[in-house]
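Shown next as structure tokens: one chain only, the form predicted on its own.
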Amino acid sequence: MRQYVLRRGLFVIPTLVMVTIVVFLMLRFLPGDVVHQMLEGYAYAPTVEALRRELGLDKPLLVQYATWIRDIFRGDLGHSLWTKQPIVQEFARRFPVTLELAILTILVSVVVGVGIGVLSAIRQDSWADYGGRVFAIAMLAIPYFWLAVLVVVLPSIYLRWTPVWTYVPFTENPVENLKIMSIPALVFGLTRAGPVMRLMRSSMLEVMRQDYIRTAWAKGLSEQVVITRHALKNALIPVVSIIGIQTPFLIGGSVIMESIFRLPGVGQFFFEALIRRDYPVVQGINLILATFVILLNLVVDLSYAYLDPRIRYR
């Protein structure tokens, strides 16, 4: 186990280096100029050049990249070009919103997907199975952002009612917070439950055909005991894998969901920074989230041994 963790840890460094290079270069090749945006209609040559020197954007790209990497090793991700606020401080203030949305989304997708998938597998070729498969296909086909827009727009058109999306922190009022966060989490989670349900159904059907399951049936155990104690744990292994794979999608999707529902999270912060070409903010957020995703995938891999004792790492 220790050697496996060490090997995986060594791959983190080159992966993060590639992330920094790709993000840094892609931002510079995007159309538009942050200096002209900041000056708006008042830009003229001497002012533009002066502001570019002040922001350090007049230096060669290699020098800008080396300066950014040097600051990272010092524990400084830089400051926003627009607000001059430290990126770490802004990220720490907004990250709880994004983390709460991600946790609630995963919770909805796992509960709904696993529940329907197990029911569909143990009642194979029944109406429950057909209904579950239709649900999974529908959730795979419906874009989450389209469904989110419908949830926001349709009540205002047909019910003359527009929900108030004023975010309330969980620490201030947990009930109001969950009222606000439950709708985007439900919309996002249901669209992610489709692949979870299909994978859970396939995995459950495979496990139910194993010899030790037949032995459990032969011992006269009840269906509930066979499913919960013998089949479910092993069938969850592929589901854990897909949750790890979906994590980058959840983080990327939070940019759109937070923008639609006006949630003051990292996603909205990233979207606004990208629109304004705020290079340090976009670079810093990408680096933090890439590190988070890599470490989370490592945790997912290590969780296999808990779910299936037959798995050993060398």
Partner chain sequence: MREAGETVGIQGVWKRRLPWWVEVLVRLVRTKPLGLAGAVILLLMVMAAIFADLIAPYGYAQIIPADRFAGYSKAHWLGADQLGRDLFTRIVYGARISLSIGFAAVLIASVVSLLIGVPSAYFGGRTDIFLQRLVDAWMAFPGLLILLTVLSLTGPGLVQITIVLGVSSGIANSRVVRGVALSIKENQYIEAARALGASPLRIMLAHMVPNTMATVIVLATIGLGTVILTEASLSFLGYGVPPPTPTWGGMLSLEGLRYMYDAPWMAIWPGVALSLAVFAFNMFGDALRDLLDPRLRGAG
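Keep in mind it's a predicted model, so treat the numbers as computed, not measured. Positions refer to the first chain, counted from 1. Between two forms, the rigid core is defined as the largest C-alpha subset superposing within 1.5 Å.
Below: the form predicted together with its partner chain, not depicted.
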Find out whether any non-hydrogen atom of residue 55 is located within 4.5 angstroms of its partner chain in the predicted complex, and reply yes or no.
no
Its partner chain contact in the predicted complex: residue 198, any heavy atom under 4.5 Å:
yes
Answer with yes or no whether residue 289 is in contact with its partner chain in the predicted complex, where contact means some heavy atom within 4.5 Å.
yes
Looking in the predicted complex, any heavy atom of residue 62 within 4.5 Å of its partner chain?
no
Pick from 111 to 119, 127 to 135, 218 to 226, 77 to 85: which stretch has a heavy atom within 4.5 Å of its partner chain in the predicted complex?
127 to 135
Contact set, 277 to 301 vs its partner chain in the predicted complex - heavy atom within 4.5 angstroms
277, 279, 282, 285, 286, 289, 290, 293, 294
Core superposed first: is there a CA shift of 2 Å or greater at residue 145 between this form and the one not shown?
no
How about residue 107 - superposed on the rigid core, does its CA move between this form and the one not shown by 2 Å or more?
no
Against the rigid core, is the Cα displacement of residue 288 between this form and the one not shown at least 2 Å?
no
